[in-house]
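As structure tokens, one chain now follows by itself in the form predicted alone.
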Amino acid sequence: MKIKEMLEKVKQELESAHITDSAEAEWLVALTLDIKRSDVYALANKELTISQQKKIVAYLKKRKKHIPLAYIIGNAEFFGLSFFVNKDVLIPRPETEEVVSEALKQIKPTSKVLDIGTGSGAIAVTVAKKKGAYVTAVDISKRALKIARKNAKNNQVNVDFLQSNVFSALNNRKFDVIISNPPYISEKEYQSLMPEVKDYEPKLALVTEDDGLKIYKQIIKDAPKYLNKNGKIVLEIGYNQGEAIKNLLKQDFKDIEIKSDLQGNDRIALASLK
């Protein structure tokens, strides 16, 4: 069977499972064969080996159950870097790349940076790789930290990983920049999420109380104790949380900005310590 024939088969099978984005089929074939998505059509007439066909079909069966492709492959790309992912960590999102882009503008090679709720380590590893800064990353989940350490090693960076409920394990450490992509989805919103997210990604990393604001309140309230003079905070926020986050920041922070993502939704909160 040629690649183009397999691609058509995968598209039809995915459509039968109500997965209609044609890019899904292209990614599944490309990632299985370890080629670029853009090369799928360039190599359309190449014959697949029996082994390759079996591998694609095996992945296809899992994808039809709405298991996220990144979990099937065990890999996700973030900021041009490769990250191992499984059900213990969220799959890094393109929107979070936008958050990191803003954070990198605030970070120098000499900066001390804290990443709260590191998950796969995508933010922490990227900051360490791109800036060479001293990065500490915390997460409440031991399993997530295991994945994050693996990703730091694979990307050849040093990050200090600690199991911590927000600031609980940090004692008197001080940082120049605090970054966080915490859980910010309410229980009500969670029930309406697509099955790829609701049925497979870790709920602990997605959902929190108080209409998704609980962890923000904790971070913003305690952050001043852990920030150096002129310290910065960079938060990923939900699409409708900009005003609420701005109000939380007003007491101890200045130069507050709420920035939209490429879709026009509230996504990034930036502020400096007063």
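Given the structure is predicted, the values throughout are model-derived calculations rather than measurements. Note that residue numbering begins at 1 and tracks the sequence as displayed.
Not on display, but discussed next: the form predicted in complex with a small molecule.
The stretch from 192-200, 114-122, 149-157, 67-75 that comes within 4.5 Å of the small molecule in the model of the complex, counting heavy atoms only, is 114-122. Proximity to the small molecule in the model of the complex, defined as a heavy atom within 4.5 Å, singles out one entry of Leu81, Ile140, Leu170, Leu104, which is Ile140. Contact annotation for Ala205: at least one heavy atom lies within 4.5 Å of the small molecule in the model of the complex. The closest heavy atom approach of Thr110 to the small molecule in the model of the complex falls outside 4.5 Å. Proximity of Val166 to the small molecule in the model of the complex: non-hydrogen atoms within 4.5 Å are present. The small molecule in the model of the complex comes within 4.5 Å of no heavy atom belonging to Leu227.
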